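Let's start with one chain on its own, the form predicted alone, as structure tokens.
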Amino acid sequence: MSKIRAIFFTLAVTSLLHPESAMDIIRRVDSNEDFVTQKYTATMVITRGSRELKKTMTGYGASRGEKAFIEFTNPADKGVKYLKLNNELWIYFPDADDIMKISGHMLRQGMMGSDLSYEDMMRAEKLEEDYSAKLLEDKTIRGRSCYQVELAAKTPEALFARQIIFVDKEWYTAHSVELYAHGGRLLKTMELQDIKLFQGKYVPTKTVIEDKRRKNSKTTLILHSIEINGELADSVFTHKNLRK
């Protein structure tokens, strides 16, 4: 086989193995996660060793997560509310009738004691814009064939320096995510399970988050209902709504 034919043969085999580039895949992941508005109900289960706490909530989002409003509905936390506007976050405590802005080192704390930090809640990134991407070896996750994509942050300001995402080859949604610090340490893992189709979007109805800096700790988010791109009043995302 001539050298030129060998090159074309190699390119053809590579194309069959990976018909799309890493960035093409990430663009489709971003597209699946894009929304104008969303409204959902969910349960957060916080597990610490043998102890388990359950918290229920109603949440709203707009502009792909740039705006968010969450109200807790379980008896112990009833009336606790969160408001996110772009890069700012507030919490309302009904017992004290007080609104507090969360900033600085407080952003690294777990939301309601969970493995989901306030920094995580603030994320509304588009992977295509914030990371470079390359394909690694394909994997099978819970019986689904997945692309394995490695993401490297383009700027040091990114919350995670590196991510490994396992993307479903048919649905273009993540089944598993590994999040790494700038020093290379694995910080968190996310397992996205029971993925279902809602109004044209593939959405995990169960997400298990583990903060690897904690022992015997995990947080499970269980989605009960979701409405995507429905009508949602601008008044939802206001400080006034925190006190209602």
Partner chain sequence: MRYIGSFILPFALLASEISLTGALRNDAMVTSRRESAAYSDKLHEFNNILETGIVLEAENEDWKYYGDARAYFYEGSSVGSTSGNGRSEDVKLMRSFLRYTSGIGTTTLGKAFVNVGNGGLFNPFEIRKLVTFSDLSYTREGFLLASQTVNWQDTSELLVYAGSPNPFNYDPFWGISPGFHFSGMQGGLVVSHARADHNNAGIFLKGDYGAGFHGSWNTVLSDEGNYRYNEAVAGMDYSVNAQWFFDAGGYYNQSGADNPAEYETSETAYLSAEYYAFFSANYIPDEFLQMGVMAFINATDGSTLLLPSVTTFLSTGLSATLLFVLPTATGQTEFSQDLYGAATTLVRVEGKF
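Predicted, not measured: the structure shown is a model, and the values here were computed from it. Numbering follows the first chain given and starts at 1.
In what follows, reference is made to the form predicted in complex with the partner chain, a form of this protein that is not presented.
A.B. asks: For the interface check, one of 145-153, 163-171, 81-89, 130-138 should have non-hydrogen atoms within 4.5 Å of the partner chain in the model of the complex; which one?
C.D. replies: Result for this chain: 81-89.
A.B. asks: At 4.5 Å between heavy atoms, is I70 in contact with the partner chain in the model of the complex?
C.D. replies: I70 lies outside the contact set for the partner chain.
A.B. asks: Residue-level contact is defined here as any heavy atom of the residue lying within 4.5 Å of the partner chain in the model of the complex; does K39 satisfy this criterion?
C.D. replies: No, no contact at 4.5 Å.
A.B. asks: So in the model of the complex, does any heavy atom of K54 sit within 4.5 Å of the partner chain?
C.D. replies: Yes - in the model of the complex, heavy atoms of K54 and the partner chain come within 4.5 Å of each other.
A.B. asks: When the contact criterion is heavy atoms within 4.5 Å, does E157 count as touching the partner chain in the model of the complex?
C.D. replies: Because no heavy atom of E157 falls inside 4.5 Å of the partner chain in the model of the complex, the answer is no.
A.B. asks: For the stretch 82-105, return the residues whose heavy atoms include at least one within 4.5 Å of the partner chain in the model of the complex, in the order they occur.
C.D. replies: If the 4.5 Å heavy-atom criterion is applied to the partner chain in the model of the complex, 82-105 yields L85, E88, W90, Y92, P94, D95, A96, D97, D98, M100, K101, S103, G104, H105.
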